[in-house]
Ligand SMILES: Cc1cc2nc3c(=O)[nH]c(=O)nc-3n(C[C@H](O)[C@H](O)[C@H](O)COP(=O)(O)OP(=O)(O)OC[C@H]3O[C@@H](n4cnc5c(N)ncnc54)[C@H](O)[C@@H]3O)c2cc1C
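Below you'll find only one chain, the form predicted alone, shown as structure tokens.
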Amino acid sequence: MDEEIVHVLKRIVGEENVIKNGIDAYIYDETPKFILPEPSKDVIVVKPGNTKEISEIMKFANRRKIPVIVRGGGTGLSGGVIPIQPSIIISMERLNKIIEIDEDNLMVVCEAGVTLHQLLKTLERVPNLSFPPHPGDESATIGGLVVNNSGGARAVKYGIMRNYVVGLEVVLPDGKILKLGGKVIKNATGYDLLHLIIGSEGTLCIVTKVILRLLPEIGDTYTLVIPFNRTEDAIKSVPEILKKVMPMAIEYIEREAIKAGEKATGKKWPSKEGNADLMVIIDGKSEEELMKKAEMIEKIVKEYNAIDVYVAISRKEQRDVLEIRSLIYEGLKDETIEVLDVSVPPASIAEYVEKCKDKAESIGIRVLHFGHAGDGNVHQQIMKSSIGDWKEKYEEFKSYAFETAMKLGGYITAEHGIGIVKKRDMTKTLPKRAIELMKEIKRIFDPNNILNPGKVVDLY
């Protein structure tokens, strides 16, 4: 980046908020190292403090046709915030204010750089209100969760980010500021631009403020750990559980994945038996309600050959179980080629997993299966160990997995997004006209192709 660009950016945000050196913390995300795109180090990091400063940066970048990458918490797994050409990186870390908690309308207004952890901690001090979904790593920012339409374990009952976003303030690539939605539940006024932005992965505009719906407190929770000998039995019990109880979360986890989570946390999983477990989280307003739900689930899973049912009641017990599940990836990060996150109809999970297991075994590749059984989101951790020509076998397995998911009525990604890692796969699995429409939308928003270029779709 030449000195003129540096000078202009310092004038906009202040000299102390422009970084030229020591930029490694801003050019990587959590994408596994084996598929990580090579980042450009010819970047300059700016830390704007408000929407107006972002607007000025974009006006300048658009005139000069300088690529701009917006960075939140850097927790993505698809290379979505990695600069692949000389760029301005806008870090949202200073836009970290929770502006208003509107208790009458059950809504919160916050800047895009607020972290999920910050939001949840703030709401703990507000009587009777909560943000029930838990879409991923708590260091992720709200803006990042919005533009990736993040999901998480609680999606089965409480939905994904799209279900909670009612208003956005955004900066367009030409620097214009646009407000979409507001403190309303219904809005049928023209095309729904707000929902077009949700899930756009930073390629259409920059989200600066977010209005989220809140819900009444969810009450207390129990976490049930249920081991099975057979994957098929575990997955087949899920629809029956959903029909009668509707838990907050239902996770399917293979034994080897559990061991990886134990390794990462130093904690012990309640069950040692079987080959696959369900982790079921139930919520309720009273102990009586929780016990009734737990007993109902026990009755159902025993009909599907569950070995036992372990119930974690104390907060510490539940936190330990959830931490083991959450850190499976961390436990095997150095050996992981990629974590797939396909979505299939929930009733098709068992068929999908069994087919993928057979394929992995036939080509000699190690794959761990786990994920959100209640909403059909299967995670597959493809491992580098025990693979000779791992690149060829990895590509073969991934192609088979995506093809199988599509045949079952699913999609190649449920919550990790396309970024750069899955861009080629998306073009092979979606209709050609759908890709063309995406390119046309990108061209209307960003004709100079400066916002996160090279991600999701190629404009030219």
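Start at 1 and count along the sequence shown; that's the residue number. Predicted model only: the values in this text are computed from it and were never measured.
Same protein, other form: the form predicted in complex with this ligand, not shown, and the subject of what follows.
4.5 Å heavy atom contact, Asp320 and this ligand in the predicted complex: Flag for Asp320 set to no.
Contact flag, Glu201 vs this ligand in the predicted complex, heavy atom cut 4.5 Å: Result yes; Glu201 sits at the interface with this ligand in the predicted complex.
Contact flag, Ser130 vs this ligand in the predicted complex, heavy atom cut 4.5 Å: No.
Glu256 within 4.5 Å of this ligand in the predicted complex, heavy atoms: No, Glu256 is distant from the partner.
Every residue of Ala260, Leu278 and Gly371 near this ligand in the predicted complex, heavy atom within 4.5 Å: Judged in the predicted complex, none of Ala260, Leu278 and Gly371 sits within 4.5 Å of this ligand.
Heavy atom contact within 4.5 Å of this ligand in the predicted complex, the stretch among 392-400, 428-436, 40-48, 63-71: Stretch 63-71 is the one.
Selected contact from Val238, Ile226, Val378, Ala112, since only one has a non-hydrogen atom within 4.5 angstroms of this ligand in the predicted complex: Only one listed residue qualifies here, and that residue is Ala112.
Of Gly331, Pro247, Gly136, Pro270, the one that lies within 4.5 Å of this ligand in the predicted complex (heavy atoms): Contact residue from the list: Gly136.
Those residues of 301-327 which, in the predicted complex, come within 4.5 Å of this ligand by heavy atom: The one in contact is Ser326.
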